[in-house]
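Here we start with a single chain on its own, the form predicted on its own, put down as structure tokens.
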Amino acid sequence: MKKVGFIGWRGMVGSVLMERMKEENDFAHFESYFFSTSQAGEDAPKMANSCGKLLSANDPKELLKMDVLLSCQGGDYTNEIFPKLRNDGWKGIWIDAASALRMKDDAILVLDPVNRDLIQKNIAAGGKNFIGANCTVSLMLIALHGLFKENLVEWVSSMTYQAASGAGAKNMIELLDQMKTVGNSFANGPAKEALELEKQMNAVMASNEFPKANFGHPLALNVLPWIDSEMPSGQSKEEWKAQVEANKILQTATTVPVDGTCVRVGALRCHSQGLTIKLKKSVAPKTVEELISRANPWVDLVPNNKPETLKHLTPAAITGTLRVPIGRVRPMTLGDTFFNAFTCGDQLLWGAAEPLRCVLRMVV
């Protein structure tokens, strides 16, 4: 059996990964070793074929013994540890949720429903670095897989509505703290008139006591139209990732432009995206729907009507599931090659943990 080491398995993505692996009985197929940056020597999780104690995630000697290392620890850890292991001659397979290695020439961005053949070919050829892609990019590609597979897409504008959990557990908790603060203020004798109540809530959010250490700004009752760092192009880095990562996953011969505005919204979990899709030629709406719906087992076409949209096409409806619904699919008045769509998906599953789980099973 191969020796597989897990790093960062207690964070949000790591925890979801562990849950999925237990559900699918993945641990029966290899020896598991759990690494920690702070609790080496303590009891490890009890899994099939697992080591009894936590190993140090900062100990190269232990890491070098692994055939496969899977990290959800973050980019800083990857940037520190990964080069040292390779320089020490480690020939194992590195699987990573972080963005640090995504654009390296020898890294394969993994998204099983879309580029499984590419992953398999790279494993067979001796590839060693398999990296999870950006969550919104992965979810968009699963939703639009059928159109990309037929080489119909000229460009896409993706306007994202990204949940607090995409920024991490602390941010998720901070959103809940913000909501609690607003709720407590409302309970303490709110104004009766709607406009007076709005002024009261804005005053609460503007106060120094309002919890915003992680976001830096109110997210409750608000939206934040900037995610990640600034790029020279005027994009945020989250917006920049859309084009470069989508094209790397798809291995396009000619770059398909993908751009838009990434916005943080007050959802707890699951990212949503409003899509404007420019096709290379006019295609009948029924054909577009058929191509989308049959592309992979996970995409779920929601009919473009109000009841089914509001029931099935929201973060609340799909949180914790592997479904990637796409709806509001309709021709646009912009021209006969333009289509509108709206999609959402659990960014902790197909947006993060599930592609890592799939590639791990493939390499073992």
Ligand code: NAP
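Everything quoted here is computed from the prediction, not taken from an experiment. Numbering starts at 1 and runs along the sequence shown.
Missing here is the form predicted together with this ligand; even so, the following discussion is about that form.
With the partner removed from view, the residue among 115, 178, 273, 73 that has a non-hydrogen atom within 4.5 Å of this ligand in the model of the complex turns out to be 73. Interface membership of residue 165, defined by any non-hydrogen atom within 4.5 Å of this ligand in the model of the complex, is confirmed. Although the partner is absent from this view, residue 9 contacts this ligand in the model of the complex, with a non-hydrogen atom inside 4.5 angstroms. At a distance threshold of 4.5 angstroms between non-hydrogen atoms, residue 21 is out of contact with this ligand in the model of the complex. Within 4.5 Å of some heavy atom of this ligand in the model of the complex lies at least one heavy atom of residue 170. Partner contact region in the model of the complex: 35-43, out of 296-304, 333-341, 35-43, 313-321, criterion any non-hydrogen atom within 4.5 Å of this ligand. Contacts between stretch 129-144 and this ligand, counted in the model of the complex as any heavy atom lying within 4.5 Å, involve 135 alone.
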